Ligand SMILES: Cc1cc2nc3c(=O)[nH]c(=O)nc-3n(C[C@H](O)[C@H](O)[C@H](O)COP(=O)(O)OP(=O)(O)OC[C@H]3O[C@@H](n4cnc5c(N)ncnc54)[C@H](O)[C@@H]3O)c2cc1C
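Single chain ahead, by itself, as structure tokens, in the form predicted on its own.
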Amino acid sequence: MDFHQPTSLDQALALLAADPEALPLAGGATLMAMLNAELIEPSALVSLSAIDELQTIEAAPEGGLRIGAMLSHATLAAEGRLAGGHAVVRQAAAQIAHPSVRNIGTLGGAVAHGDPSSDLPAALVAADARIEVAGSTARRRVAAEDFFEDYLTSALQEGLPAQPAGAFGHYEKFARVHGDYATLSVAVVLAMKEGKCSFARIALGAAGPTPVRVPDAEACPAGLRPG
């Protein structure tokens, strides 16, 4: 098996396009376990660790944040700019497994794997994130809600849009033991105006093959106030 470590995204995409059996390597938390279990046999690994543009978080021109796929869960969990409605992503990242896994695992790796019991998919759907999918000839953006298509199946991989004024996010995870995959998780972005609900977006994790939206609960009936 060959190993490549390109320094630009274009180089990485060219390597992957030239070898259909090659796989990209992000943090390796999931990929290496699959290799060890002989579930996959790639002809080559293309490491993304030396690509600077995948390791930044910056304000997007239209508002919100653009987050590089190679940011670790630990970095996301400590990122102060993930505030307000975006805090749902920071809270989800902080509850992934244990510190050793959070230091290795990456946002892009978790998103691409698409495990519905993992923490970030539901949080990204609640935050109405857009995921950028890059290929050798073009790039496209996919709403997180549409990106996760089925169990471990995605539309393969941008950022978080601006949130409504005054929005705040919260992520709650229920698991058998600390650090385990969720038995059920709830990701919520909520905004209030004059003490009443003006915006809500809710996603449930580990409740189906993809994060589950809850439109009835998002309706924000007129006059609804927190109980």
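Small disclaimer: the values here were computed from a predicted structure and weren't measured. We number the residues from 1 along the sequence you see.
We do not show the form predicted together with this ligand, though everything after this point is about it.
Would you point out which of 179-187, 162-170, 194-202, 57-65 contains residues with a non-hydrogen atom within 4.5 Å of this ligand in the model of the complex? Going through the listed ranges, the match is 179-187.
Has each of Gly84, Gln91 and Ala127 got a heavy atom lying within 4.5 angstroms of this ligand in the model of the complex? Per the other structure, none of Gly84, Gln91 and Ala127 touch this ligand.
Could you confirm whether Ala143 comes within 4.5 Å of this ligand in the model of the complex, counting heavy atoms only? No, Ala143 stays farther than 4.5 Å from this ligand in the model of the complex.
Using 4.5 Å between non-hydrogen atoms, is Ile51 touching this ligand in the model of the complex? No.
Is it the case that Leu76, even though its partner is missing from this view, gets within 4.5 Å of this ligand in the model of the complex, heavy atoms only? Leu76 lies outside the contact set for this ligand.
Counting only non-hydrogen atoms and a 4.5 angstroms cut-off, does Leu23 reach this ligand in the model of the complex? The answer is yes: Leu23 has a heavy atom within 4.5 Å of this ligand.
Do any residues of 102-117 have a non-hydrogen atom within 4.5 angstroms of this ligand in the model of the complex? If so, which ones, in sequence order? Sequence-ordered list: Ile104, Gly105, Thr106, Gly108, Gly109, Ala110, Ala112, His113.
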